[in-house]
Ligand SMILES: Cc1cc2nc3c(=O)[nH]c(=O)nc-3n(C[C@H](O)[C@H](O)[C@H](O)COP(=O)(O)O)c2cc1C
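We begin with a single chain expressed as structure tokens, specifically the form predicted alone.
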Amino acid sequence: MTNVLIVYYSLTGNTKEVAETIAAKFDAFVEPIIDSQKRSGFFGYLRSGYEGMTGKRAMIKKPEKHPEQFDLVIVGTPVWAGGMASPVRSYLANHPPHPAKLAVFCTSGGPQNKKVLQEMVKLAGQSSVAGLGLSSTDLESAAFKDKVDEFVIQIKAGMVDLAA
């Protein structure tokens, strides 16, 4: 079977839940992005929104898994003030998944998913075999699992060796 790595950042647990659901479909390795910045409380919330909106990067812990050792890397982020989370931005800038294939997903409270997915792909410097944007409404309904299943089908269609 193909090696799959799922890398994500989650502050509230939503992005983690999606990452774990996708991982179960591929029997994938899962690695959270560890942020060195405190994000709790009012000021943490403001800092996160500012960084998401302005394209800032965060200091993150060096990942244990090396994306270049995998055939597919799936990267997930929450949406912060219309942009990707700064820890994910740092990860993609410093650990691009080359030569692995890339798939991306995001979770948000609003409609910015397409923009954030495009931003992730651009920062990674390569095309994506699939993209998934989930709103808070999706996460609270049965649509969540259906959309994850569609995402997995997209990935498998984009990677012949995963289709078996």
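As the structure is a computational prediction, the values presented were derived from the model and not from experiment. Throughout, we count residues from 1 along the sequence that is shown.
Only in words, not in the display: the form predicted together with this ligand, which the text now covers.
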Within 4.5 Å of this ligand in the predicted bound form: all of Tyr9, Gly49 and Gly82, by heavy atom?
-> yes
Partner-proximal stretch of 60-68, 104-112, 124-132, 25-33 relative to this ligand in the predicted bound form, 4.5 angstroms, heavy atom = 104-112
Given that the partner is absent here, does Asn14 sit within 4.5 Å of this ligand in the predicted bound form, heavy atoms only?
-> yes
